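Here you get one chain, nothing else, as structure tokens; it is the form predicted alone.
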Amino acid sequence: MQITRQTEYAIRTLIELSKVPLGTILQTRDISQKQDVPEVFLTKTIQLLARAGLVTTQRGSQGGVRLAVSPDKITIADVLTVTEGRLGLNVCLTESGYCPNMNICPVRRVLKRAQEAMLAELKKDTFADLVADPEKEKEKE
């Protein structure tokens, strides 16, 4: 399994927005340049993030994008859900997935544990954690 380019762009966008005080507007062009993301794709990604309520956009000469949610409330798992949908390592582990052997399949049990472990890991760190000063983080340890 690999994350899509759109998920990667969404993560990069949220990293840039998490570096500035909550409510600060950044222009799409600036995020595009800093994160080396084509502006056309970035615009589509920002639309997804806006529909999910993670960012808000503002039109006009002073327009741009800003976080709608504090970076200490957003995880990579949240971004994956927005861009990829609910995670499912196999069709039998998705909401609509069905397999006639679901109840007796030994592989499903293993994949389910792996999926739960991966989701738990992706929920551990917030975007505030990702952009935190590494020196300050060392002091906390």
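All residue numbers are counted from 1 along the displayed sequence. This is a predicted model, so every value here is computed, not measured. Basically, rigid core = biggest C-alpha set you can superpose within 1.5 Å across the two forms.
From this point on, the text means the form predicted in complex with the DNA, which you will not see here.
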item: Complete contact of T4, Q47 and G64 with the DNA in the model of the complex (any heavy atom, 4.5 Å); value: yes
item: Options 97 to 105, 68 to 76, 110 to 118, 47 to 55; stretch whose heavy atom lies within 4.5 Å of the DNA in the model of the complex; value: 47 to 55
item: Selected contact from N90, Q33, Q27, T81, since only one has a non-hydrogen atom within 4.5 angstroms of the DNA in the model of the complex; value: Q27
item: 4.5 angstroms heavy atom contact with the DNA in the model of the complex for Y9; value: yes
item: Post core alignment: L87 C-alpha displaced by 2 Å or more between the shown form and the other one; value: yes
